[in-house]
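Take a look at this single chain in structure tokens; it is the form predicted on its own.
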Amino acid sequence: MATDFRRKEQLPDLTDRLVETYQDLPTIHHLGHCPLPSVEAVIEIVDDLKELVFPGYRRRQNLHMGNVVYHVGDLVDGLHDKLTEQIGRALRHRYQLQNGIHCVDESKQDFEKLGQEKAIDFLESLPEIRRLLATDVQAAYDGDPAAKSLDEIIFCYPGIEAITVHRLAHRLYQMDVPLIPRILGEYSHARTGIDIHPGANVGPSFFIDHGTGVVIGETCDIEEGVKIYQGVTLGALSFPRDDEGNLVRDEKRHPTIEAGVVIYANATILGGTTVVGRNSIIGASVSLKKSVEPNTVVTIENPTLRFREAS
């Protein structure tokens, strides 16, 4: 197919018009010499972290106790450098926003040092995160009769993928690292269809079965041994505003799910004061906006089905 060079002559003008919009719409570009965290670098970091928390299941196989120390040490050393850079960038960007400046003189604020401190603190938390993930994998095996082994769950279950990334992102969120936890959460959301805000507090032995369409809000509290199915929403009732019409932030907006609760497919539980008592069962497609006592079963009465002969 021949190229129409007359049409191609329009491209320099298009380039100029696009660049003009960078002047007119400054809120949706980030130009300058202070780079933001890199999405690609953050994804590389989470892949390295999954290699650490589930060794032998990811990129490197044939690992054993004789060579795993070298492998882990190499990953940890590389993660230290990658996390230091990306966390430092995120901290610098927040400082710029808070102080209304475009770029920070590094001599005034050592963001690389701050990034390194948080990177090391985060890496120190990985043994505890592995202990939590071991309870999640076991809960998936105990809760799904279709599971044939723990290996199958680690390889194949989107719920384990989502909770793995969430536990990593949540630790960064607790450490007050900006941007990066949300990047991690949205990366996981895109891969699994499970949307967990990194602020959500999730206890051990958490199992998401199937998972597609699950939404868990920022201020959710989920206690030990909770099981939820696809399409479940743990959301907010409304978004209160202050006297000037701005959204009120940093208040509890999402429900508390106590230990041992099971929530079936497409149920919706809303509100910061809503508490689902321990060992309760919330049936499929239930819409719940008020608290329930422990050991309660909440279901919808089945609608009447009508059968008729096809014409």
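Take the two forms, find the largest set of C-alpha atoms that superpose within 1.5 Å, and that set is the rigid core. These figures come from a predicted structure and were not determined experimentally. Quick note: we count residues from 1 along the sequence shown, nothing fancier.
Although not depicted, the form predicted together with a further copy of the same chain is the subject of the following passage.
- Listed residues Leu172, Cys220, Leu83, Val137 were compared with a further copy of the same chain in the model of the complex; Val137 is the one with a heavy atom within 4.5 Å.
- Contact annotation for Leu63: at least one heavy atom lies within 4.5 Å of a further copy of the same chain in the model of the complex.
- The shortest heavy atom separation between Pro204 and a further copy of the same chain in the model of the complex exceeds 4.5 Å.
- None of the heavy atoms of Ile101 is located within 4.5 Å of a further copy of the same chain in the model of the complex.
- a further copy of the same chain in the model of the complex is not approached by Glu244, whose heavy atoms all lie more than 4.5 angstroms from it.
- Taking a further copy of the same chain as it sits in the model of the complex, the stretch 8-31 comes within 4.5 angstroms of it through a non-hydrogen atom at Lys8, Gln10, Leu11, Leu14, Thr15, Asp16, Arg17, Leu18, Val19, Thr21, Tyr22, Gln23, Asp24, Leu25, Thr27, Ile28, His29, His30, Leu31.
- Core-superposed comparison between this form and the one not shown: the CA of Asp24 stays below a 2 Å shift.
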